[in-house]
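For reference, the chain that follows is the form predicted on its own, supplied as structure tokens.
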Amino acid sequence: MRKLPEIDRTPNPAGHANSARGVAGNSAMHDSAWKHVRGEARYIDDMPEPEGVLHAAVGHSTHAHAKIKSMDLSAVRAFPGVVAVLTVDDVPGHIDIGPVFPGDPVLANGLVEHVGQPLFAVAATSLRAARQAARQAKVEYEPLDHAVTVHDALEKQLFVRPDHTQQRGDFEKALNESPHRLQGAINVGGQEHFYLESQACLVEPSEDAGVHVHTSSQHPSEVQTLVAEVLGLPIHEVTAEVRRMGGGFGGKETQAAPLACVAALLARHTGRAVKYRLARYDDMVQTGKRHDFYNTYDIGFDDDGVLQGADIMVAGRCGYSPDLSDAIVDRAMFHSDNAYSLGPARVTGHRCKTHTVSNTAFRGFGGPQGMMTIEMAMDDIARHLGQDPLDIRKRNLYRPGRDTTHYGQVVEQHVLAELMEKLEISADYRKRREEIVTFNRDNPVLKRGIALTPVKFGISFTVQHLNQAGALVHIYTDGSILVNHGGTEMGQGLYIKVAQVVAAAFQVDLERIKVTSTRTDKVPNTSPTAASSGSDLNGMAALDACEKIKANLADYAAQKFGVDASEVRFANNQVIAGEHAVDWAEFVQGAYTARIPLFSSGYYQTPKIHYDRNTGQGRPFYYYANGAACSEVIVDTLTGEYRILRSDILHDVGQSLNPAIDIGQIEGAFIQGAGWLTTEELVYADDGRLLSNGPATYKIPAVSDAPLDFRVSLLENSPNKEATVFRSKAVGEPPFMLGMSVWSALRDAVASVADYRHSTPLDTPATPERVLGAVTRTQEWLEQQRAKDTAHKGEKEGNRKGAPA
């Protein structure tokens, strides 16, 4: 077996004098990296199956909106291998499992509201038998009127939640008095999560009335609670456990719970373990995606392109139920400014109901869709004034004197101006811009484009009570340390970061730390691992537990060696008390013998945050994460095909807990963001069926879609001014929006067709077909302008000839 490489011994940036290996601040390998590579990492489908395990499947609705007139399941029950068939009438507890607001029946209750909605559940001796049996049902429907698109919902005034408005200042007066005014609209496409591991769970009945749920979920406490409610049990009878997920991206925040509820119902009914795993097709049809949006803007600006006021509308396709859409559209509203001071502004958000699967969380949680509107406006202002889009963006950045958002939060840390200036220089933007203009002038078919776009992303759950976390830290007598916390591992490296935090707290080698599966019977009432807050919340909770243990150990050391507790420190795998230095493991053994507690719980709640929905004002975010990307593309104007030639990224992660993990997160987020805006297209038929329902019809980015030249750097010497864990900053979601630089670069290439005089709308995803359409519209505009210029020139010449001598 190959030996694992030694972990970096570089001292951590917090300045501790130590040589403990792998503490926070150093690059350290993902704790499951070799397991992933070797195929040893155990996911739900890899777990040893209990004796007599049954496999689950559900029957799906074939209508977008209909009443169920009758449902004959006799052939399903008679199918070989079937052990149980359950309908909504067999649910002993709650029927509605909506995560925040009601609207999500665990099984259809007389009405279906999207194609693919579960009607009944089947348990069989094999997965094949369960799936085949589910297809034998005979269901009679009474079709009802349905809405599929955002535009359908807006026309019919269908909404899952009330509208919400944020307003600051007299935006109408500002717009009316602005020297320049523009309006625009954009359709922003949705996105399939396409995690490698589909939704899956394994539920085992316990010896009492409860169940143990192995789930692939970002929110095990929600799984625990909803399973208990469906079974009609107190929450303590259900344990939910998560070791790892094969990707989540938000798709497993709420959407894992319905599977666990169905499997739990079958498990309690049969008294046998039940495994429920979705095939890729079923996963894509049955579970929610990123919301697609229809956004509009009305902006006023001065001769320099500086915004004077704005009126922005965002409308998200929520699907048939609220799910998390209220908060998702809220975040789209919060981020409609991205990095720019809007001036007096109004932002309105609509939560549109459609008869499609209920859309849900996805990396960025509505923020990316909100940002697209103002980034479109920045490009449009630049073309209107005949200036470089980068200059327009830089002039509109938040700065002292223009630092209050449309929802009332003051931007306190102005890092973007410096960050963008550094990236502009390191990416050689100005020189490349000149070269691109020359290239485009000399090439009638191939056109290059470049764009440098910023990101300002708020960090915190916008639902205040979710901003809390708990942890347990146990030290054993050999000096090894076990950690358990409420965060879940989906490949993002949360476990290794928390382990590094604990290693740094005690100044011991990272190899001494083990983080165990997230379990609701160890740390209760956990928040979802989402909102980029996993390290912020759980790292601080673990650190709190460590500090409590250290206080006890310091008192013990002070008493043992006759020194003041202030003279006790932890360094270099030792406990040092004055002139005495004791090996860590030896000291821990002594502390145990002296009956010093070697375990503690920890807790953390994010300070300062608040938001009043009645006024649309507050401080919903603890701080902002920032970054910028410069991307260059080349477009074939005859086909609309394109390539990303180069992307440069400079991102601010504060005092990084693990630079290698953070850079990996940035790279992956950028590619996923670029995929959302270019290749990943969700296509629905008029009857509500999802047509892009597999890898043959839905294109996630491949290696060939990545930039040919890809450069990623972390902003140096930029510790978080807020008291986060070791002054780090969140990194999970913010880099996703750096992919906007690719979309803006495509618009730049298209604009070059008309010598940068016209800004043609480009809906997303900007597939080659849409890019070609934008090129065609730009060419048509250019021909119209030439015709006008020719007519105007002829009119002027005629006037001169007819003038008196």
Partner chain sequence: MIEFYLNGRHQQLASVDPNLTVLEWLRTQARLTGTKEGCASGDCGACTVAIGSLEPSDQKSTGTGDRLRYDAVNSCIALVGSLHGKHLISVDGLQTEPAHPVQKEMVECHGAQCGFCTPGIIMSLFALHTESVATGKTSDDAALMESLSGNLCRCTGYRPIVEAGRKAAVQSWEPADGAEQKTSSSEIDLRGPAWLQHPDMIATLKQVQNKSVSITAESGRRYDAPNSLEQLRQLRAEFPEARLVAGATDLSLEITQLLRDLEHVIGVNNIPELQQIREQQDGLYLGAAASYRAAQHALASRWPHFHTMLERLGSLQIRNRGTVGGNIGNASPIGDMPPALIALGAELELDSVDGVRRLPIQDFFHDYKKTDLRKNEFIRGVWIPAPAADEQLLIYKISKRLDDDISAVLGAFWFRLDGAIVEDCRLAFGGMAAIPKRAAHAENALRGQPWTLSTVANAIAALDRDFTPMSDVRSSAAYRQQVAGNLLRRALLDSARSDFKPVQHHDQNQKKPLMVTEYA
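Source: prediction; values computed, not measured. Numbering follows the first chain given and starts at 1.
Beyond what is shown, the protein has a form predicted in complex with the partner chain; the following relates to that form.
- For the candidate spot formed by 505, 562 and 591, no residue has a non-hydrogen atom within 4.5 angstroms of the partner chain in the predicted bound form.
- Residues within 4.5 angstroms of the partner chain in the predicted bound form, judged by any non-hydrogen atom, belong to 36-44 and to none of the other stretches in 737-745, 64-72, 36-44, 754-762.
- When you look in the predicted bound form, the only residue of 551, 78, 111, 683 with a non-hydrogen atom within 4.5 Å of the partner chain is 683.
- Between the options 210, 491, 408, 103, the residue in contact with the partner chain in the predicted bound form by a heavy atom within 4.5 angstroms is 491.
- For the chain shown alone, residue 749 is not a contact residue for the partner chain in the predicted bound form, no non-hydrogen atom being within 4.5 angstroms.
- At a distance threshold of 4.5 angstroms between non-hydrogen atoms, residue 665 is in contact with the partner chain in the predicted bound form.
- In the predicted bound form, no heavy atom of residue 611 sits within 4.5 Å of the partner chain.
- Proximity of residue 341 to the partner chain in the predicted bound form falls outside the 4.5 Å heavy atom cutoff.
- Along 443-481, a non-hydrogen atom within 4.5 Å of the partner chain in the predicted bound form is carried by 443, 445, 446, in order along the sequence.
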